[in-house]
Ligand code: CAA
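Form predicted on its own, single chain, as structure tokens, below.
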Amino acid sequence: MAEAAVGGDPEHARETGGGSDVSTVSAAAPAEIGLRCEVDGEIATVTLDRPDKRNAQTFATWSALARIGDTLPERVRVVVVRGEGPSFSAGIDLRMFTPEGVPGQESFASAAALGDTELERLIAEAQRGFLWLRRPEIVSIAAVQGHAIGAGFQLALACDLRVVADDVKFCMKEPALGLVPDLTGTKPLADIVGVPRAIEMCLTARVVGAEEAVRLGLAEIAVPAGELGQTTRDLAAALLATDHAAATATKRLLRAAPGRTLEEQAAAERAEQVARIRALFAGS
């Protein structure tokens, strides 16, 4: 059965293989969303699909990402986020900076006319499209090639793991445009590279290439562009080889570790291990 993971409407989902467990989901909203989700067994692949715009993102893109998270089938254990064409994502669609904006969607000018509560709610909805990628029951992988600018960089940072092509160009562009990175990217960036380096990267809006990304911990591995897809598939297969319940518990521990003391983390480890031992050996 096909899942309408973007729009939640089965009319916009279609099977891509006779009898196979593969579904392709098309957005019911305007074509500017440029997003599709394919579910194949335990792997979901979310593709930014506006290659003619270098996969630029809009408010509708972020809402659609949130809907994917809301409707993701329970069997999915690995989520791959990728971009169609030579770029992962060039960031915010620059038409959002114009009074006209993107047809049928909010512009920054129209957003500025909202009250504080409504504007914060709009931003919170955009953030929801990124937050779900950290859920403990899934492992998210960003497969990044070419430009990953601003919102594109933050989408990669929202994922647990990043596999990059040797032509990757990470850049946090928002401050250069008068904005701040608000799509949940500042915490993982600071956690990974440290606050001083994060400040330098954001306020200079400089480009970080593949070699530096690996050295700083922004990417787990860099490969030639032609090997990006296979390397990502191999990583997904390796992740699926681990027991799902143990993987979920371990990710939950690791995600929470930076905010805990050693004693608190040790207690959390005990609680998780008690549950695992009972699940595996109770009644033996």
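All figures in this text were calculated on a predicted structure; none of them were measured in a lab. Numbering starts at 1 and runs along the sequence shown.
Although not depicted, the form predicted together with the named molecule is the subject of the following passage.
*Asks:* Taking the shortest heavy atom distance, is E174 within 4.5 Å of the named molecule in the predicted bound form?
*Replies:* Although the named molecule is absent here, E174 would touch it in the predicted bound form, with heavy atoms inside 4.5 Å.
*Asks:* In the predicted bound form, does A151 come within 4.5 Å of the named molecule, counting heavy atoms only?
*Replies:* Judged by the heavy-atom cut-off of 4.5 Å, A151 is in contact with the named molecule in the predicted bound form.
*Asks:* Is A90 close to the named molecule in the predicted bound form, meaning a heavy atom pair under 4.5 Å apart or at it?
*Replies:* Although the named molecule is absent here, A90 would touch it in the predicted bound form, with heavy atoms inside 4.5 Å.
*Asks:* Does the named molecule come within 4.5 Å of any heavy atom of D70 in the predicted bound form?
*Replies:* Flag for D70 set to no.
*Asks:* Let me know the one among L179, L114, V214, A124 whose heavy atoms come within 4.5 Å of the named molecule in the predicted bound form, would you?
*Replies:* The residue from L179, L114, V214, A124 that makes the contact is L179.
*Asks:* Exactly one of A205, L119, L94, I192 has a non-hydrogen atom within 4.5 Å of the named molecule in the predicted bound form; which residue is it?
*Replies:* Answer to the contact question: L94.
*Asks:* Have a look at 251-259, 52-60, 223-231, 236-244 and name the one stretch with heavy atoms inside 4.5 Å of the named molecule in the predicted bound form.
*Replies:* Within 4.5 Å of the partner lies stretch 52-60.
*Asks:* Going through 126-147 from first to last, which residues have a non-hydrogen atom within 4.5 Å of the named molecule in the predicted bound form?
*Replies:* The stretch 126-147, when checked against the named molecule in the predicted bound form, contributes only H147 at the 4.5 Å heavy-atom cut-off.
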